[in-house]
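Before any questions on how it binds or moves, here is one chain, the form predicted alone, in structure tokens.
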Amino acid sequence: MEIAVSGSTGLIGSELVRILRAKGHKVRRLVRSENELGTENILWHTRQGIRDLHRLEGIDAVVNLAGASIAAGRWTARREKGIYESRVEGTRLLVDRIGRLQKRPGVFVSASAIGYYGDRGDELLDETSSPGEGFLSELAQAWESEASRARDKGMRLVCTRFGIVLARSGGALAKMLPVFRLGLGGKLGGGKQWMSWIALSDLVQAIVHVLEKAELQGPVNVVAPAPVQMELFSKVLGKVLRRPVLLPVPGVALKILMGQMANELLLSSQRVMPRELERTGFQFTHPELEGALSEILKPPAY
């Protein structure tokens, strides 16, 4: 296939591009810098549009991963606006521009997040569950609403709701590792909140699966089939690193340091299952946490 990918330089996008090319697909990266332009890359901006739109004529698929980092800093009003615009307005523009093509892609895959479900305690959630409340839920709902317009333009639409991505080189795990390696790690808050996680390698393969499975439409939870509570996550990470897990971080301290971001990213509970991936035969390489962390954190081979 010929596939256009936005957000192609991020943690997920860069690995996706590598895997797609390894499988023999042709990838056109949608980039924002003139310095990144090349024979296969196309310049775009979430407000200004896509330069040389005609070069996307006849592509088979679009994977939309663009969006400002949610965890880069405290959520001020300005930060929230930037996060919202990069996802919601960026998706709106991308769908509008792709919709102008004479031969549109057959499938539009747009990133979303399990933040859609809000803080749900021990409730078991799947793709049919209702949305929750809070900034992340409202963001995901607006994000998916804009993406849904691709369906109106004749494309198969899939909204991939990502869980917490585990990778050595970025994301939540990379931020935890220095503290845990010093033996200073511990559970966050009460430790009973559910974490729905996925290894980066499985996430990327899930996107490939979504591209290939024509029967997949609508929301798809991209999470491992074994969510864990924060307390267990901390213990397993300490075990894999062979470090003690002794110092819990009280929820009140997190709220003082991080404000609303602590409530929604670290203390909220989402016990999410990948029903649609399982229904369509997706095979997880790392379905269990300990095995995933052991593989991710093993010393690189030289």
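In this text, residue numbers run from 1 along the sequence as written. Predicted, not measured: the structure shown is a model, and the values here were computed from it.
As for the form predicted together with a small molecule, it is not shown, yet the points below apply to it.
*Asks:* Counting non-hydrogen atoms within 4.5 angstroms of the small molecule in the predicted bound form, say which of Val204, Ala113, Ala147, Leu188 makes the cut.
*Replies:* None of the other options qualify; the answer is Ala113.
*Asks:* How about Leu65: is it within 4.5 Å of the small molecule in the predicted bound form, going by heavy atoms?
*Replies:* Leu65: contacts the small molecule in the predicted bound form.
*Asks:* So in the predicted bound form, does any heavy atom of Leu11 sit within 4.5 Å of the small molecule?
*Replies:* Looking in the predicted bound form, residue contacts with the small molecule include Leu11, since a heavy atom lies within 4.5 Å.
*Asks:* May I ask you to check whether Val165 falls inside a 4.5 Å heavy atom distance of the small molecule in the predicted bound form?
*Replies:* Yes, Val165 sits close enough to the small molecule in the predicted bound form that at least one of its heavy atoms falls within 4.5 Å.
*Asks:* Does any heavy atom of Arg32 come within 4.5 Å of a heavy atom of the small molecule in the predicted bound form?
*Replies:* Yes, contact at 4.5 Å.
*Asks:* Please name which of the stretches 118-126, 176-184, 213-221, 105-113 has residues with heavy atoms lying within 4.5 Å of the small molecule in the predicted bound form.
*Replies:* In the other structure, the partner sits against 105-113.
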